[in-house]
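Presented below, as structure tokens, is a lone chain in the form predicted on its own.
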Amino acid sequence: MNAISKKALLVVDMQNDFCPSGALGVPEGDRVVPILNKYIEIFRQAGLPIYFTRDWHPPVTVHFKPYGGVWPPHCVQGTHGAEFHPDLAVPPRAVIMSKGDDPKQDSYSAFFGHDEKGRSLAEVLREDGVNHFYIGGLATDYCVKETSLDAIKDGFEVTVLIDGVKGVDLSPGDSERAMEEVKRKGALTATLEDIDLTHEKKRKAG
């Protein structure tokens, strides 16, 4: 791990099926897209890594209700629902981590995902010298929570962008409880007003 904390942005599962009118729409999930785009631009201008995760389920998986899971079919590989929200500003060279493609696992956490080269998220972060990432996206009480908790277990610093997340709240209060848990485990929280990467630009230039 680098002595200097290199930061990165992780945008979780901003896919059509998780937005209103999608197969598993998060209430007001699309409202975080403009905010996430601002974060994306901030990190892009600072020259820092930006990663995107996506659910990438096969048609038959234990994750889906017809096969014993909790959820209706969603984000099936190659479908419109699995595509990123059309307004999300995904940079051309962004690293995309796919998860949920193992039909025998739920794989909420991005740490179960892999990039196109087969590298895990932990491997990608360490190869890029990242030990602190900022996380936003969907959903607060599932993939954002589980990714944050796994990151902390793996020794990464995590800051949850509370203005850039939305939750499912299958049970009322799930999102609030999720945030309490990740903060209790050591995660920080921030909003756009708190982000200052000026020192990162200087460090890169130097």
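Every value quoted in this text rests on a predicted model; they were computed, and no experiment measured them. Start at 1 and count along the sequence shown; that's the residue number.
Beyond the structure shown, there is the form predicted in complex with a small molecule, which is absent from this document and is the topic of what follows.
**Student:** Is L36 close to the small molecule in the predicted complex, meaning a heavy atom pair under 4.5 Å apart or at it?
**Tutor:** L36: no, not in contact with the small molecule in the predicted complex.
**Student:** Tell me, yes or no, whether W71 is in contact with the small molecule in the predicted complex, where a contact means a heavy atom of each within 4.5 Å.
**Tutor:** Within the cut-off, so yes.
**Student:** Does Y142 reach the small molecule in the predicted complex, with heavy atoms at most 4.5 Å apart?
**Tutor:** Although the small molecule is absent here, Y142 would touch it in the predicted complex, with heavy atoms inside 4.5 Å.
**Student:** Determine whether any heavy atom of Y108 comes within 4.5 Å of a heavy atom of the small molecule in the predicted complex, and answer yes or no.
**Tutor:** Although the small molecule is absent here, Y108 would touch it in the predicted complex, with heavy atoms inside 4.5 Å.
**Student:** Note which of L197, L24, A190, A187 lies within 4.5 Å of the small molecule in the predicted complex, where distance is taken over heavy atoms; exactly one does.
**Tutor:** By the 4.5 Å criterion, the partner-contacting residue is L24.
**Student:** Using a 4.5 Å heavy atom cut-off, which stretch among 71-79, 114-122, 87-95, 128-136 contacts the small molecule in the predicted complex?
**Tutor:** So the stretch in question is 71-79.
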